[in-house]
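The chain below stands alone and is given as structure tokens, in the form predicted alone.
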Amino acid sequence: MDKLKINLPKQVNEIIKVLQEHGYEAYAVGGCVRDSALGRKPEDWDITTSATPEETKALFHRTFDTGIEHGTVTVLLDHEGFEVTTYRVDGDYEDNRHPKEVTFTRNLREDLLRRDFTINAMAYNEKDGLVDVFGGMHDLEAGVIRCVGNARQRFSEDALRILRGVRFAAQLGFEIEEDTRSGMRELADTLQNISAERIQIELIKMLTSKRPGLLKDAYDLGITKQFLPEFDQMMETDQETPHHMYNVGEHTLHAMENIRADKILRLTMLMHDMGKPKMKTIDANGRAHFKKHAVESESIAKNVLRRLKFDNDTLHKVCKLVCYHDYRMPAEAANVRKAMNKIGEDLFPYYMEVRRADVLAQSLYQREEKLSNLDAIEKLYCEILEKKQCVSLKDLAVTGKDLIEAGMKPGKEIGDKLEEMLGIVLINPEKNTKEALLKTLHI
């Protein structure tokens, strides 16, 4: 595999060649080499070189300083930016994230040694081919996440690597090597020094991967305890009810795997039952109940999303879906129209996916009936859309202006009357005409 051939983008090759022609070493490095070896299209192409930032800047017409104190300059070629970083050795880390100082080196091996995992510590150029000092290609073939050198040292340098390791395992379908796992477990509490924004990014990448269920590994290693203790509580809450065959946490993991890899949907499934530990009661027959857990889950979801610095749009959508994840109804058109109004036309298709994923993560008890009910609701929903039936005020055949023209005084009563008319139309869609609705006025 050391004969690996990577088709470098034209600009990347050009930057490397310019540096080489002036007596410097230069390689594509890190994730782009890993992804190329896996047959994936890299998102970014990073270049590492023996040239100092000043030496790099002297060779290209258009550059700007990206992180020059850490040796990185961005070279602009054909209106595209490429980060070029000088080989470096990191000094002591003071905050489990950033080195106090960096020292530039002319030695590629020293630069690769400071990187997180073997699969990310490979370099490539056309002249030398693959430079794989730490067995990254072997680990890629074996499907293993392994730290470069000493795992504890790598994680004490940058605690975010602990979460990144689980995320890579989830994205690539790899296993985490035992010594690397031990290092993660030992240093998990240092994740508390990492910013919420950084943790959020890694969490989303993990949740939207092919294996969101690997969050269980994060739990087993004491990682979720540091930034998502609510998940740990779910993993410790049993569900003594015929509707369930897993504890709350395991049900959550299955529910996430049952739904497509969309950020809003996966976050909803992660949080939909977070209220269950607090709301659990056991009746005289030893059966568990979780009354009003959806409302409690919504409240917890709001706190978690705020704590992890999610944007307001994500917070609004996830909280609404969490609140209505257990909203059940007989499959009748009027019920579906009311639900579309309550949940929102934009979120209703998401709600249907959430309900289905939830049911499929429960026991087989009444599963056929539950799924038949959802199928019937889905059919009615499609018919409502097809017939363009009114489910919100924006599609109501009358407006506030119409009511004023018909003799109503401006004020709060206008809004109340429109809501009342909407209620009529949700039950009887054929009454959504100006004439029929104005007849309900008693002025």
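Heads up: residue numbers just count along the shown sequence, starting at 1. Remember, it's a predicted structure, so these values are computed and weren't measured experimentally.
Form predicted in complex with a small molecule: not shown, discussed below.
K.L.:
Using 4.5 Å between non-hydrogen atoms, is Asp46 touching the small molecule in the predicted bound form?
P.N.:
Residue-level check for Asp46: yes, a contact with the small molecule.
K.L.:
If you check in the predicted bound form, is Asp116 within 4.5 Å of the small molecule, heavy atoms only?
P.N.:
Yes, contact at 4.5 Å.
K.L.:
Do Arg106 and the small molecule come within 4.5 Å of each other in the predicted bound form, heavy atoms counted?
P.N.:
Contact check for Arg106: no, nothing within 4.5 Å of the small molecule in the predicted bound form.
K.L.:
Evaluate Gly31 for contact with the small molecule in the predicted bound form, applying a 4.5 angstroms cut-off between non-hydrogen atoms, and reply yes or no.
P.N.:
Because a heavy atom of Gly31 falls inside 4.5 Å of the small molecule in the predicted bound form, the answer is yes.
K.L.:
With the small molecule left out here, work out from 58 to 66, 370 to 378, 388 to 396, 31 to 39 which stretch has heavy atoms within 4.5 Å of it in the predicted bound form.
P.N.:
Correct option: 31 to 39.
K.L.:
Consider the chain as shown here, without its partner, and state which of Phe168, Tyr351, Tyr124, Phe82 has a heavy atom within 4.5 Å of the small molecule in the predicted bound form.
P.N.:
Checked against the cut-off, the match is Phe168.
K.L.:
Going by heavy atom distances of 4.5 angstroms or less, which of Asp358, Asp139, Glu298, Asp158 would be at the interface with the small molecule in the predicted bound form?
P.N.:
None of the other options qualify; the answer is Asp158.
K.L.:
For the small molecule, considered in the predicted bound form: do all three of Arg211, Lys216 and Asn247 come within 4.5 Å of it, counting heavy atoms only?
P.N.:
Judged in the predicted bound form, none of Arg211, Lys216 and Asn247 sits within 4.5 Å of the small molecule.
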